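Only one chain is shown below, in structure tokens, and it's the form predicted alone.
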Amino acid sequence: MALFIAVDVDPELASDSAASRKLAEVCPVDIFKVSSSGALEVIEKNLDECTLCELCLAVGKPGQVAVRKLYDDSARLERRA
């Protein structure tokens, strides 16, 4: 399966359980999930469902979440300061 989107989450943000829950809450296509152990998971099979809504970019500090458009030379969407 070819992927068109990749998501990068800063490890510091991924280790924050409240931020991880917020990522899972805001994503309309369920790209993020919090496991029973509290770890953030990126659900790879849902990545191509990304609508580029940018709601995930608002979680955490600027640059901690980025969406890369693999079809566009990995153009990077991220919140800037």
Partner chain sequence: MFERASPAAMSRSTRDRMRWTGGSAGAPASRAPPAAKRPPNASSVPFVKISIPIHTPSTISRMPSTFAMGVSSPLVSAFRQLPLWRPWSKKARPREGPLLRFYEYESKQLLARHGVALPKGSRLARSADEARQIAAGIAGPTVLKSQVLSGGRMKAGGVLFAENADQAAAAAETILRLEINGHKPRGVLVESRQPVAQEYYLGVTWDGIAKRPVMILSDMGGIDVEEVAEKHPDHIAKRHFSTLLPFSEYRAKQLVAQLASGSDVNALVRFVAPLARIFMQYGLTLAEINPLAKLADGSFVALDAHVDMEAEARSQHAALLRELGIGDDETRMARPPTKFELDGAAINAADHRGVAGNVTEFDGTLGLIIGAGGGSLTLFDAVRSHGGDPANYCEIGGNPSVGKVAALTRLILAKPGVKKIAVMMNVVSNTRVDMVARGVIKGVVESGHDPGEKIAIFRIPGSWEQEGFKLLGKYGVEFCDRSVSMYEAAGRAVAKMKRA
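Since this is a predicted model, take the numbers as computed values, not measurements. Numbering follows the first chain given and starts at 1.
We do not show the form predicted in complex with its partner chain, though everything after this point is about it.
Chemist: Applying a 4.5 Å heavy atom distance criterion, does residue 12 contact its partner chain in the predicted bound form?
Modeler: Answer no; every heavy atom of residue 12 is more than 4.5 Å from its partner chain in the predicted bound form.
Chemist: Answer for residue 29 alone: is it within 4.5 Å of its partner chain in the predicted bound form, judged on heavy atom distances?
Modeler: Although its partner chain is absent here, residue 29 would touch it in the predicted bound form, with heavy atoms inside 4.5 Å.
Chemist: Does the 4.5 Å heavy atom contact test between residue 41 and its partner chain in the predicted bound form come out positive?
Modeler: Looking in the predicted bound form, residue contacts with its partner chain do not include residue 41, since no heavy atom lies within 4.5 Å.
Chemist: Within a 4.5 Å heavy atom cut-off, is residue 25 in contact with its partner chain in the predicted bound form?
Modeler: Close contact is absent here: in the predicted bound form, residue 25 is far from its partner chain, nothing within 4.5 Å, heavy atoms only.
Chemist: Which residues within 56 to 81 place at least one heavy atom within 4.5 Å of its partner chain in the predicted bound form?
Modeler: In sequence order, 69, 70, 71, 72 come within 4.5 Å of the partner.
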